[in-house]
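Shown below, as structure tokens, is a lone chain in the form predicted on its own; questions about how it binds or moves come after it.
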Amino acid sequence: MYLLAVLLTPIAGAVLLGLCGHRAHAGAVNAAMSLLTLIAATLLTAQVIEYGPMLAFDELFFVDSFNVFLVALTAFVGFTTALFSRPYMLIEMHHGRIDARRLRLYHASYQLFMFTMLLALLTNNLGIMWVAMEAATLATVLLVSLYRTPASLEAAWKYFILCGVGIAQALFGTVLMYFAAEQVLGAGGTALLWTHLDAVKSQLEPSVLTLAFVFLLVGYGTKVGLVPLHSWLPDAHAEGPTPVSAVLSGLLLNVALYALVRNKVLADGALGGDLTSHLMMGFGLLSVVVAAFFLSRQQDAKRLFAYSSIEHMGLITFAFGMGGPVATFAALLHMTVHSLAKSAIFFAVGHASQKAGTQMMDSIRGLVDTNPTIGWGLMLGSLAILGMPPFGVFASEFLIITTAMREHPWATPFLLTALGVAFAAIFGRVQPMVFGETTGKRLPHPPAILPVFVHLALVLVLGVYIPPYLAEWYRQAAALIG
């Protein structure tokens, strides 16, 4: 029942907002539907914690400790982003960047995007997972191109073409996975069900699984934003509305990585070696290093933090590649704190760019004078994402780096150098944005600051104290991933 509510609520929201999404109260309706989704996800989480993994609707859906934690995180960030977008989109209308028709498109597409993310997480069928990821691409293309400027249309087409090609590679990998499973499970729908594949993974043909995982890594890795498949991500962040940047960094990248990790579990069972680990570590480390050095070249605030997302997703991919209980625990924790901190940063950047009338960092100055809450939110969010203690990002990065020191010491200098370069680049850019001299004016509508500080408070708490039930949750998910 709760699982059905998680999926049907955003569908109902998309239909409702497709009819009334242009009205003055549409932002409140969007937030209310997102709140209902969060409540349903919370109840589903409690059910899984109490009764354990569950299958539903003739094994079409599967919920365990791994995906239910991401469902809860997705619903929470979706709700807080909906709260943030209400005043943000009103200001955009005030500035004439969107009209009522585009506002309706935004609200309906936002709920549709939330549905595709939740469907990808909850489905037990690898084929439906692929369909959900493709549908998410289509929904976000509409959101990225919302302003209909030449730059936003170019970014949307670039996003559509690159991710379309990438997701086609993932489709071929899924077909190869089915081909290997058919030899063991027989023809039919069960050969694409993850629970059935997991039960017979040691019997799957290794050569086919090797090829399948390579295609899946390239395909879903494009959606994750791994270097060199990342070039769509900075453009999509820079040209779309800021709420879209928040859910892209906070949700879409996590869900794409979730799909990749699910398939890695199957490939590991069939191959029994370190091929998948080495591939993920290689792509992850390359992403961390390249993104860190690109940070220092950015002039646009949203592009700056888009490259930061590439860096952090590379670090998470590297941790999943290392495997083991500590690295996997750290990767799951980092997924959580990165989603919360990065979405909070985009909330602050969005209102700061609206106040200044530009996203160029050289033109955004003195936020603590004109809008102190926005300024402090941006500064604290930047310190959090840079891994300053006692924020949760420090805890997860510390676990990842110490594990690398013990198991893969050759990678440690690259990680430490990249993190140091990233710290210098981001802090050097953010400090004058917050504390510099300015003549800027206040915003025409009060900004939504509460989501910023709620997210940052959670990141701070997770750096100081992880509740026992949450730590156990991460440990169970780490055990399932292997």
Partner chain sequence: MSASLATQLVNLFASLLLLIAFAMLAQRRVLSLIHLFAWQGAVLALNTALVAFVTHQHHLYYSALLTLILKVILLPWILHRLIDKLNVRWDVETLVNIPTTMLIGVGLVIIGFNVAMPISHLSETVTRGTLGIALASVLLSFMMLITRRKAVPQVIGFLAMENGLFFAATSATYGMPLVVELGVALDVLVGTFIFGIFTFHLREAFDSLDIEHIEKLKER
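All values derive from a computational prediction rather than experimental measurement. Numbering follows the first chain given and starts at 1.
Not pictured, yet referred to below: the form predicted together with its partner chain.
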item	value
Partner proximity in the model of the complex: Trp376 to its partner chain, non-hydrogen atom cutoff 4.5 Å	no
Contact label in the model of the complex: Asn254 to its partner chain, heavy atom within 4.5 Å	no
is_contact(Asp235, its partner chain) in the model of the complex, heavy atom dist at most 4.5 Å	yes
Contact label in the model of the complex: Lys158 to its partner chain, heavy atom within 4.5 Å	yes
Contact check for Ser65, Phe69 and Met405 against its partner chain in the model of the complex, heavy atom at 4.5 Å	no
Position in contact with its partner chain when the complex is considered in the model of the complex, options Ile128, Val290, Ile401, Met93, heavy atoms within 4.5 Å	Ile128
Single option in Ala168, Leu286, Leu275, Val200 placed near its partner chain in the model of the complex, where near means a heavy atom within 4.5 Å	Ala168
Interface stretch in the model of the complex with its partner chain - options 407-415, 140-148, 243-251, 260-268, non-hydrogen atom within 4.5 Å	140-148
Any residue of 191-229 that, in the model of the complex, places a heavy atom within 4.5 Å of its partner chain	Leu192, Glu205, Ser207, Val208, Leu211, Phe215
